[in-house]
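Quick setup: one chain, the form predicted alone, written in structure tokens, and binding and motion questions come after.
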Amino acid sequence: MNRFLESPHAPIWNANIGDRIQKDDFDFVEDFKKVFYDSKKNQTYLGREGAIEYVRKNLYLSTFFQDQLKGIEFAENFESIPFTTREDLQSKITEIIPIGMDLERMVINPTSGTTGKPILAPNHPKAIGCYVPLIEWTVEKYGVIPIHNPKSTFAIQLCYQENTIVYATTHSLAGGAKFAKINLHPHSWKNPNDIETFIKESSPQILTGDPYSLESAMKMSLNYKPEAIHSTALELTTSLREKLREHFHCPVINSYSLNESGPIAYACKTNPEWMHVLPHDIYIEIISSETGEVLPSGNIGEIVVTGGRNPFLPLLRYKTGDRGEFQYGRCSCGDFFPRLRLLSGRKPVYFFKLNGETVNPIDVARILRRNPHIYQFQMEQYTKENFICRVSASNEFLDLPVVSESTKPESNFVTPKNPLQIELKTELENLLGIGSHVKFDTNFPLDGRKQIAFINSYLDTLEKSK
């Protein structure tokens, strides 16, 4: 591990992170792995009856469950249980967390990268540890046999951001195999020419990351051949998947995951446009966005999740805000868990500086998410240098003339007088590059609905004009 950390070609590490796995956690994950692998072998997916048992188990532990289920015969009429929304997670999290939980080991995963509505999703090391067997099973389906050895590197996670944590660790649940998160941005390296050298000397079995980072690695002409690419967080388009496969000469596995639940589905090997439900302990419904009614197989609607293993965040008919189609039935790939096809998922949106450099929207989300006055946001680039940041915010932040969405022309910029707005405007413009202009629209509704957080209408206009 020291050779890994102290390599002359290593990135500038800026964080120390371990898996925080203790003996009881290790046993928990081992038990989960056994049940999960047996379920895959025997094709025992958590159906409606399993979901009812899950609800019954949590009924006396969570006051939120008790409130939601009050007066409902849920065993007979599961579909009458009210949905859990992102707003519930934001405003009622103390009621959702089961009574009597030891909060000492709680891990907070802030999320808002594509939704614009920050959520502090609590989690536990043992639930995060379950990601290991889930991801390993996924890559095994594509022919990768994970090496559990302290000398091996199972995965390197790629990022491309102005600022992010960069670290390396070993994973006790993978026999001490190494794992690292690195940032491809030149700011993270003593010498940017070291990126390829470091990856080659680390020799990771797989490279993982969001489509933006993977595409960045490809455009940087990274010359490394992992055994597989694991893509997550954002929608991976078919064209980018093919380009990545051709560049890295390996299978590219798309996955669907939420901070709130962990991995949910992975791309079918036979037909990658579809994704098989991955864990055995999650129940999925597709509902009509208009009526909330459960839709039969073959219909498109919003994805709703019940179950999971996060002890701090039991999910009860949680509306993900993502849309898709669900199908049951046997598959030629050998995984007979139901299949999910995501529609209009979290497409990656890039912003551009005047000099042509791209800006990862996650950097924008990081700035807005950590601002305590911003409750919900959306950022749009509508000309080469002009951006509009729509926010629902605190009264202190809103103490300025409102800029409506219709006032897009450059002549209608408002000069901020509020120090909170001036500070945020400066921070965003520093990120978006010299010559950029950010104005605020404070009419953004705080309605609890999942919002499209990033829009580049300027790029859309350019593409349409070609």
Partner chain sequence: MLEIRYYVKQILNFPTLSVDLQTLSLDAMWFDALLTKRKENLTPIFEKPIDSLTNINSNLNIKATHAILAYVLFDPDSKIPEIDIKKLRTYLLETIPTLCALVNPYTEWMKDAERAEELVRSLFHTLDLLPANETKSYFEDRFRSIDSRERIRILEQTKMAQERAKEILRQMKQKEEEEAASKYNRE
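Note that the structure is predicted; figures quoted are calculated from it, not measured. Residue numbers count along the first chain shown, from 1.
Although not depicted, the form predicted in complex with the partner chain is the subject of the following passage.
*Could you tell me if Pro445 has a non-hydrogen atom within 4.5 Å of the partner chain in the model of the complex?*
The answer is no: Pro445 has no heavy atom within 4.5 Å of the partner chain.
*Contact label in the model of the complex: Asn254 to the partner chain, heavy atom within 4.5 Å*: No, Asn254 is distant from the partner.
*Distance check, Lys141 to the partner chain in the model of the complex, heavy atom within 4.5 Å*: Heavy-atom contact with the partner chain at 4.5 Å: absent for Lys141.
*Looking at the partner-bound form in the model of the complex, is Phe377 within 4.5 Å of the partner chain by any heavy atom?*
Taking the distances in the model of the complex, the answer for Phe377 is no, it never comes within 4.5 Å of the partner chain.
*asked:* I need to confirm a contact call. Of Val277, Val359, Leu184, Ala233, which residue comes within 4.5 Å of the partner chain in the model of the complex, counting heavy atoms only?
replied: After the contact test, the surviving option is Ala233.
*Answer with one of Asn109, Ser203, Thr237, Asn271: the residue that has a non-hydrogen atom within 4.5 Å of the partner chain in the model of the complex.*
In short, Asn109.
_Taking 4.5 angstroms as the heavy atom distance cut-off, pick the stretch from 384-392, 76-84, 257-265, 335-343 that is near the partner chain in the model of the complex._
Going by heavy atoms within 4.5 Å, the stretch is 257-265.
*May I ask whether Ala365, Glu429 and Phe454 all come within 4.5 angstroms of the partner chain in the model of the complex, judged by heavy atoms?*
No, none of the three is in contact.
*Looking at the partner chain in the model of the complex, which residues in 157-181 have at least one heavy atom within 4.5 Å of it?*
Read in sequence order, the residues that approach the partner chain (within 4.5 Å, in the model of the complex) are Gln157, Cys159, Gln161, Tyr167, Thr169, His171, Ala174, Phe179.
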